[in-house]
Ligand code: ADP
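Okay, so here's just one chain, in structure tokens, the form predicted on its own.
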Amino acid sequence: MTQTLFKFDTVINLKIYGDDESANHLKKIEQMLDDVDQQINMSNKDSEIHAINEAAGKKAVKVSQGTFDLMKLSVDYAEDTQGAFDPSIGPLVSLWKIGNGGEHVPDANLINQAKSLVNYKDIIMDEANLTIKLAKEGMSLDLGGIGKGYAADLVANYLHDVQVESAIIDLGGSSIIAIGRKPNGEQWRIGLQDPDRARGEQLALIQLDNETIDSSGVYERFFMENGVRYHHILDPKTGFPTKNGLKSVTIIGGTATDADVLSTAVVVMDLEEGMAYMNQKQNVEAMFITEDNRIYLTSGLKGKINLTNERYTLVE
């Protein structure tokens, strides 16, 4: 049974195989996704994240346990990636508006002003009272780099709980969880996106079972100005879109939440730093694609990626 939904500005495709309760499961999943939207979508005026942003510099806001836990995880990741992932990046996202009508490079003063408000250390969390406060007026949270993964994990956990043995959860093609194997017992074959082509064109295949895959790239949302491409992955330290020779990063393994954050953070790092960072991580692998169409893999992926596109070269 298949269902397509549109939530958090994302097309979500759900496929559940061989389960009599599929229709019921899909209804429950849609409700769960609506709940996530109510918690963490900054552009939803009724969401908890929106309430925290509105109260920035003024007061602490009480939130649900789910939102608190996700924010705590976000801050932990910000520390672990030394700010390459920063959930307080909202002012920069709102200023550039890439993929949301933004078509010009903002004024340098405005970029510096927004950048001065981005600092995960200014997120004040009180676990006993489940409150979150942003220390400075003008600060804002944006969980775009973790939200899809979080939603995918909630859906996967639910399907595991109700003992669904075969399913695919696909959030916008960038966060995918394969549950179990195909009904015929084969592994799932997942196509990896060609960063230069329209959605759906692939550069390689990977076979998965019970695994997560998440990609971030500079190809998804961008504008051109004076011959320069400005894409939506912003570096909190510079205030500009990343410019380090990486076109995309795909993370395989771990939870979808982990993979969502890591794919964003590692694009912000660069090939060398990102590769070193990923090689320290347990049970998670990464594929890096550079602007000169070279593909670099962490050690656990060697021999698992089947290249299907002659424009790319696998660097051994």
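All of these numbers come straight from a predicted model, not from anything done at the bench. All residue numbers refer to positions in the sequence shown, first residue = 1.
There is another form of this protein, the form predicted in complex with the named molecule, and it is not shown here; the text below is about that form.
Proximity to the named molecule in the predicted bound form, defined as a heavy atom within 4.5 Å, holds among 239, 144, 91, 195 only for 144. Of the residues given (56, 268, 63, 287), 268 alone sits with a heavy atom within 4.5 Å of the named molecule in the predicted bound form. Across the proposed site, 48, 67 and 133 without exception lack any heavy atom within 4.5 Å of the named molecule in the predicted bound form. A residue is said to contact a partner when one of its heavy atoms sits within 4.5 Å of a partner heavy atom; residue 39 fails this definition for the named molecule in the predicted bound form, lying far away. In the predicted bound form, at least one heavy atom of residue 264 sits within 4.5 Å of the named molecule. With a 4.5 Å cutoff on heavy atoms, residue 176 does not count as touching the named molecule in the predicted bound form; it lies far away. The named molecule in the predicted bound form comes within 4.5 Å of a heavy atom belonging to residue 220. Of the candidate stretches 121-129, 156-164, 208-216, 180-188, only 208-216 has residues whose heavy atoms lie within 4.5 Å of the named molecule in the predicted bound form.
Contacts to the named molecule in the predicted bound form (heavy atom within 4.5 Å) from stretch 228-245: 232, 233, 234, 236.
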